[in-house]
Every structure is written in structure tokens, then in C-alpha cells.
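Okay, here we've got a single chain as C-alpha cells, the form predicted alone, with questions on binding and movement later.
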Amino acid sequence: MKKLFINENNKQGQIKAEIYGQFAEHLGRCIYEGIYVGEDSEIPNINGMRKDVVDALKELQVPVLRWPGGCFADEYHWRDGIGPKETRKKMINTTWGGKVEDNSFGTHEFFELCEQLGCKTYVNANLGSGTVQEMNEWVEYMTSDAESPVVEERRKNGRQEPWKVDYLGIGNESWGCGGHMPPAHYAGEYRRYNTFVKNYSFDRPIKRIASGPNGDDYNWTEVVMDTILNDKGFAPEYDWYQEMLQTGLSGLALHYYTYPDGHVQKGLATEFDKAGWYRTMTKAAFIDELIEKHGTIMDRHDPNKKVGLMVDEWGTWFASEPGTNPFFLYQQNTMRDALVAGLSLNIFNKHCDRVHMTNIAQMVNVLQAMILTEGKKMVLTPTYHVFKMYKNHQDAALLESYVDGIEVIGAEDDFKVADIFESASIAEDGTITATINNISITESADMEILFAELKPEHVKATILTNKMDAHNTFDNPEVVKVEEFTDFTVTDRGVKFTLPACSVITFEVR
């Protein structure tokens, strides 16, 4: 029998709610059709946001939303998306299929969406093709309450009070679609742009996020962290002055996608075999090594861990569904995605000292989405259910935990992975949440949760399990759904149960 030890007396850090963040880009049908349908749509909406999607997302307690990209961010010019919609400038979305973007979803609509969701805001600004002045004025437009021409323009467009920008990304994937820059060049550009990103309210400072590494590009992390934090190659600044302005670096973005069969031959989301399953899990679990190694570099420059590793793009990336625009990145979502989400979130929880935010790609209709839509129809994906099962971890304290009896499994020698992933946390009200994944698609696991001192009095559990390629469709939306799990025994020290193959389970214990 495997034993999951949880020491409820040893809190190891806070799991920031932002670890459960989302990402919405102007890509395919994520924004348009997926989230925003316009005020005149037959689909029920509030100020243009489709009500069914927003209501479902509220159930996840979305903590933060990143927008407008992604690669789109570095060709997005914010002035095109303000003012009367009929006069907004159209543009070609050259990155994602050449679709004409009418900019009917712009700055005001983004904040409207965040207000409906009740989440924090993460705006990714344009460093690749935009100017310093453009970024400076966008921040002023969004956050200043001054009597300035830019702010008066916002008021004229219908918004009197400034919004709160919680996070600002200064460039995106600057090693690639954001400008193909070497790391030292980007770090210099970051410093220049950041100088003119002002805090107009010192009780609501903007947290700044630099474009970080692509996967295992550790040199990028080394050079960018060294250049930004240690003034390498630049005149030194006084620390007290930066602290007074509150303009220091808050985060370094890491992007990592799970391609089970490589970046070129991705394979379909619903058609894979046993070997494909374990390749996917092995590659998803590689995020643990990435966090460890990038974290070690960051520790040298930031030993107090003030700068977060923001995994602001992650998830599965398969071939687009047949018959859809390949640039729209529309893919189905199976139990394979559910297990990738489950193990990834458990890994992020375990690294909450360095991982301060993550944003799964993406919220609706793109890549590993929470929700799929087709006209008036909407379906919740297995990944959605995992995020809902894990939401108690948000802002809870990470507890020491480990499994005795882990086995390494897989169908190919080069792709072996642990069979069990887990994490545990305790909320302010004393409720302990343990989330556990059984990666095996054939073997159940007898397991016992053992606490240090706690004698459980109240235990409840939910489970998500099905065959590996099971998924929800518009015709059959509840093939994969969360169910109550009652097949467990409460003991003096914990809980005994059998964890089914291919499953995600959540225990709540008091």
C-alpha cells in the first residue's frame, strides 16, 4: 500500500491564488465567439460577454487573467481598441491566421470582463513593435486619475475612474515572436521601457514581468536576471530609489508547452495510444526540472525570492481539430489533459516559494481550454473540472507531504514517469485539501493518507476518472464529470482508499 504522509504542522509557504491564473489571447475563437459576442448577439450576454461562459468561469474563482497575448501582444496597438467600435481601426492578425481583427474587444472590454469575473488584471504590453511612448501612455490611460489629455480621452470614452493593472508584461517571448532578441539586448530594452512605466497610484503599484525563457533556455534566465537585477553593463541605480518608485522586477515569465510527439508532428488530442499517454505525462512532468533549474539560477540573483517565476503560458499543444483553421489552435480535451493539469498544478503548488503565478493556455476554444463553444452551445472540459477541484488550494498554506511507494512507469524506456503526484494545503479555516493523481491507465493504487497528529473527523472527496481518451462533446457534455467519492475508510491517523487508474481525486479533511 502506498502511503501519503501529510504533516499538518509544517507549513512550507503560501500557494498564491495566481498559480491558478488564466490566459486569453486574440487567437482563433478565444476572445471572439468564445468570450465576447457583442451586445447585439442572440447569445445571452452582459455588455457583450457571453453569460454562460462567464458564469462557468466564476465557479473556478479565476484569480488573474492575462491579455491580449501571447504573440499577438507584440503587434497590438492599444489605441486601435478604444473609442466608438464603429470607428475602431481594423488590423490583420498576422500571427494567427491573417484574420481581420476589428478591435471591438479592447481595453475597456478587457476590464469589463475582469470586473465580471472578479479577477486581477495582467496586461501584456507591446515591446516588440510598439514604442516606449505608446506603452507609457497606455499605462497612463488605464491607471492615472490626473487631469491630462490621455486621461480625459479615457473619460470621454466612458470610464471615469482609473482601473487597476495588477501585472504588466513588458514584452512577450522576446526570444521569438516578440522580436527575436538575444537576452542581453532584451534586458536592456526591458530597462528602457520599464523606466517609463509609471505608478500613478503608489498604493496600487504595478508589478512588472519580464519576458523569460523558452523551456530549458537557462542562459536566457542567467543573462536577463543578471542584467536587470545587478545593473550589469549599466550605471547602477540606488536601491532605495527603485523601492520608493516601486518599479522593481516582480516576475520572470517561463513558457513551456507539452508536445507529446514533438513540435511539428503534434498528433490529435483524441487519438493516441498507451505510449502517447506516457510520453505526454513524462513531458508534462518535465516542468518540475525546469522550475528547479531556473529557480537555482534565480536564487543566485534573488536569494529572497522576491521575483516570481511566472509560468504564464503552459499546457498541452496538439494538432488542431480536423476541419478547423490550423492557425486557430482549436483542440479537444480528454482525460489526458485532465491528468496533465492535475500533475502540473501539484508541481506548481510544491514550488510556491518561487512560482508566483501561472496562466494556462488558454481560457476558451484554444489549446488546453477550460471551455469549448460552438454557436450557442458550450461544454466544460476535463481540464475545467480539475481547476474546480483544486480551487481550495488558492491562497492556502502548502503543507509538507510526500508519498512512500512511488513507482516509475511508462511504455518506452525514454519516457518513464512517477505513477502518483500530489500536494496538500491548509486553509485559514483549518480545512486540509489533498489533491492526488494516478497517472497509470491500467493499475489502481491502494493508498493511505497519514497525518502527523490530526485525527480526521470530517472527510469528503470528489473524483474525476474515465478512460484515457474520454472527453465531452456538445452532444454528450457529461461523459467526463466530477463525482462524489465515498469509497474510503477513516482511521485514527488518516484515510484509506483505492485510487482508480487514470484519476484525479480531491480530499477535504478536518
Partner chain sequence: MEYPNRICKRCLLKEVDAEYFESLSIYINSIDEDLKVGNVTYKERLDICQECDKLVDGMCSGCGCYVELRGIMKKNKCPYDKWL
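Everything numeric here is computed off the predicted structure, so don't read it as measured data. Residue numbers count along the first chain shown, from 1.
If you look for the form predicted in complex with the partner chain, you will not find it shown, but the lines that follow are about it.
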Exercise. Taking heavy atoms and a 4.5 Å cut-off, does residue 100 contact the partner chain in the predicted complex?
Worked result: yes
Exercise. Can residue 256 be called a contact residue for the partner chain in the predicted complex at 4.5 Å between heavy atoms?
Worked result: no
Exercise. Though only this chain appears here, would residue 84 touch the partner chain in the predicted complex if you measure heavy atom gaps against 4.5 Å?
Worked result: no
Problem set entry | Any non-hydrogen atom of residue 49 within 4.5 angstroms of the partner chain in the predicted complex | no
For this session: Report yes if all three of 215, 293 and 414 come within 4.5 Å of the partner chain in the predicted complex by some heavy atom, otherwise no.
Result: no
For this session: Select, from the options 188-196, 130-138, 74-82, 370-378, the stretch whose residues sit within 4.5 angstroms of the partner chain in the predicted complex by heavy atom distance.
Result: 370-378
Exercise. So which of 42, 478, 457, 484 reaches within 4.5 angstroms of the partner chain in the predicted complex, heavy atom to heavy atom?
Worked result: 42
For this session: Select from the listed residues 286, 328, 317, 110 the one whose heavy atoms reach within 4.5 Å of the partner chain in the predicted complex.
Result: 328
Exercise. From first to last in sequence, which residues of 10-35 have any non-hydrogen atom within 4.5 angstroms of the partner chain in the predicted complex?
Worked result: 29, 33
